[in-house]
Each structure stands twice: as structure tokens, then as C-alpha cells.
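One chain comes next, on its own, written as C-alpha cells: the form predicted on its own.
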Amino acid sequence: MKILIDAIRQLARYPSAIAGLIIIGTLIGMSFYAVITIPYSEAIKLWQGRDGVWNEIPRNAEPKWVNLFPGINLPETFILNSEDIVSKSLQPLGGGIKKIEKRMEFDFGYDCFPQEMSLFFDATYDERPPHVFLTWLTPDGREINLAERRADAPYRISLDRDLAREIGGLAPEVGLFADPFAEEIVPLQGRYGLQITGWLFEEDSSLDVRLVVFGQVHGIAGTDHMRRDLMVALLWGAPIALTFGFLAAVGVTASTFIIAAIGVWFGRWVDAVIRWITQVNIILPVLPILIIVGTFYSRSIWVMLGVIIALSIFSAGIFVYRAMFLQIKGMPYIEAAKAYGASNFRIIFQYMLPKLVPVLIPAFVMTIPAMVFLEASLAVLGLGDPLLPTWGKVLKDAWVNGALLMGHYYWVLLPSALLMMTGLGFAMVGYALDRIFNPRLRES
């Protein structure tokens, strides 16, 4: 413990280490924020689109902050519901039939057209659903008839081919917002409205509507091809990556460290078996083995973690630690421990291992980002956990769907930046710790 306290104090001498600690602290803060604000079950629900959570999210939308750049004014998503109704009337017609009229209005002041438009109905009825007649109101006073239909299923305005023909062959989300007097196809800014005229055929029947005008920007991180908010994966990718990297680093460095000490102390056939297993394990192709496990057994992140640790225990690091432990084995205080009757494992765990802990700490810190990148690489290859939202999964989806070719740079840059910052943060701290604990580097 005293060694760690002294190391932390000496880190203040290295500006790069302070910057690295700030980066690591930020990642840890992101992890706590993600776990607290978006519980695991909620994150899985948002990422898999359960219970219709994607109904109000645009597809392949850029982050909102792109509108901060000069000359960019992309539309955001409008969601109009009962709170946006400016007029409402209910007229009984006899025989249990009622006529309902509602008008919803909103302001549109953007330089580009929306992505899509959809109308969702929330109708209560027993046998006969309400019937509606929809009219689009433009800022210049025009009234465009959208559709006449039953209110028992969502109305995908953007997919209405009949409406597209009526407005000059333009896509509905373009034609409904286009300025009819402009030489080019540009949006007409102003106040738009939707007039809903409905007929209720049952006494207890009711009708509510929700208009969603999907914008071209959404959230802090944008969305992907499945309407998923990428911020969920970017936030939850931090605790997943750090947990995976930390556990893998602990499993690999600690087990390798202990096995090397045991081999050196007992020597003979124990040391020979450990060296033989290490030599065989070094030539095993780790990545192909992980691909086989992920293809034929399981892609669970915990299964992959176990396989990685198992394949990394007997790594080349055992030979490095073995050379160090051979020097320690012959030291006088080890001979003194043997003289007063200390057991073998007492000598290993209380006299040999603590001597080389300063060497283990930098290696441990540097192993964490390596394991984080390995997990991301597996996800990019399609071997990531199918349930978890991770940085590697975002990059894999971006690659498969041609994000760069389609101009969706945010989809690639944001998770890549987080991965690079993770590697940079741990690398700066690890190199500083190496200079602190390595006498030859400290004296140079």
C-alpha cells in the first residue's frame, strides 16, 4: 500500500500522467453516469428497440450539435400530441356516433426537409374503429388532403404513394413542406398545421393522435440505421469496456505473475511443465480460436473473457517474470525465511511476489487498453455479445452499413475517439508508472 501511495504522489511530477488520469477519471465518470441514469434493463430495451421505443427516433440522424456550425440548419424531430392541439370540438350526431375535430400546429424554420413523417393513432373501441379525414395546412394558406382511413394502424405519411402523386411526384415529407413559388425545391418556413376530422361510432370510443415529423438531427451522438440513439452505446460502452479490460488485465497479469513465481520456487519438473505449456501456448493463434468459440459455441462477453484469460495466462510474460524471480530466489532474505521454517507458499506470496509488485503495476495498467481494443476488435468481426451496446458494436454496424460512404462520419468518429482516448489515457499513466518503478528509467 505504501508503494502505491508513493507512486501516486510521484505521478504529479508528470503532466502526461495527470492528463491520463483525467481521461481515465472521465471514463469512470461516464460509466457511473450510464449505470445510474440508464439501468441495464433499460439500456438493453433501448438498444434492441423493445416496446416501440424507436417509433419516435429518426433514422441515420446526425448529432444536434452539427447545427452549431455556420451555414447548417438541419431540422430536429417534432412530436405533436394532445398538448399541441390548438382547437378541438366534439359533436354528437345521434345513434352513438360522434364527430370530432382537432387541429395541431407547429413552427418549421429550417433550411432542409424532414426525413420522414408518421401519424400514430391511440383509439379505444370495441368493434368498429374510428374513421378519420386528414388535412395538411401550410403557412401560405393551402389545404392538402392527406388521407381518409380507419384509425386502427399507424399512417406512414412518407410511404403514401397516392399522396406523392397528388403533390407533384415529390416525396410527401418534401412536397408538404416545399415552397410552391420557389424556382428550386426549398422548404417554406412558417407555421404548419394538421386538421383531423374523425367519426366515433361507439359510445365509449375515443381518439388521440400523435404526429411525428422525423428530423435530420437527434441527440448528442446521432442515430444509426435502426433508429437507435448512439448515445446509449457510447455511454454504456464505457463500463463494459473498462470492466472487460480490468477483469482481463487482473486475470492475465496476476495469474501469469503467480505461476512464474511458483515455477521458479519449486523448480525441477514444475518449472519444466510451466515452461513447456508456455512454449506451446505462445504459438497458438488466439484470434482464430476466439472466432471458433464465437461461431460454434457462444458470443457472450463473459465466455470470451474466460477464453482470453485462459489463453493469456501462459504468455511470454512468464519468461520475463521468471528471470526476475530467479534473481530474487537467491537473495539473503529468502534464505533467512527458509532458515526459520517458512512454508513454500508463505515465501512465494509474502516474500517473492511483493518484491516485484512495482514491476507488475505498469504492466497491469498497460494491459487494460489492450484488452479493451481486443473486445472492440471481436465486436467489429461480428463476435461481440449480441445483447450489449458497445463501442465495437457501433463500429461494426457502421462498417457493415457503409457509414463513411453515406457521409455519416459521426457514426465512426465518436466510438473511435472514445477507444483512442481510452488507449491514450492508460498509456500515459502506464509509461509514467514505468518511469517511477523502473530504476534505470528513473535515473536516466
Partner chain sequence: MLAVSVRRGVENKILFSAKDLCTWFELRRWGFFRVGSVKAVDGVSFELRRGETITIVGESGCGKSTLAKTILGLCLPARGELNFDGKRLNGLNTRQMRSHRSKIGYIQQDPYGALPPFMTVRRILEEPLRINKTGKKEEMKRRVREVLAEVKLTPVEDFIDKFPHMLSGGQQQRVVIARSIVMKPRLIVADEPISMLDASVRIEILELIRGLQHAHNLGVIYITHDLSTVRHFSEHIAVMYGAKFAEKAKVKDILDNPLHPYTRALLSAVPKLDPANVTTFKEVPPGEPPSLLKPPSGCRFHPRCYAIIKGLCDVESPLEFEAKKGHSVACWLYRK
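Numbering follows the first chain given and starts at 1. Note that the structure is predicted; figures quoted are calculated from it, not measured.
Although it is not shown, the form predicted together with the partner chain is what the next lines describe.
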For the three residues Glu335, Arg346 and Pro354, which mark the spot I'm curious about, does each lie within 4.5 Å of the partner chain in the predicted complex through at least one heavy atom? yes
Would you point out which of 187 to 195, 309 to 317, 335 to 343, 226 to 234 contains residues with a non-hydrogen atom within 4.5 Å of the partner chain in the predicted complex? 335 to 343
Among Ile292, Ala272, Val286, Val250, which has any heavy atom within 4.5 Å of the partner chain in the predicted complex? Ala272
Under a 4.5 angstroms heavy atom criterion, identify the one residue in Gln279, Gln350, Thr135, Ser82 near the partner chain in the predicted complex. Gln350
Contact label in the predicted complex: Arg268 to the partner chain, heavy atom within 4.5 Å: yes
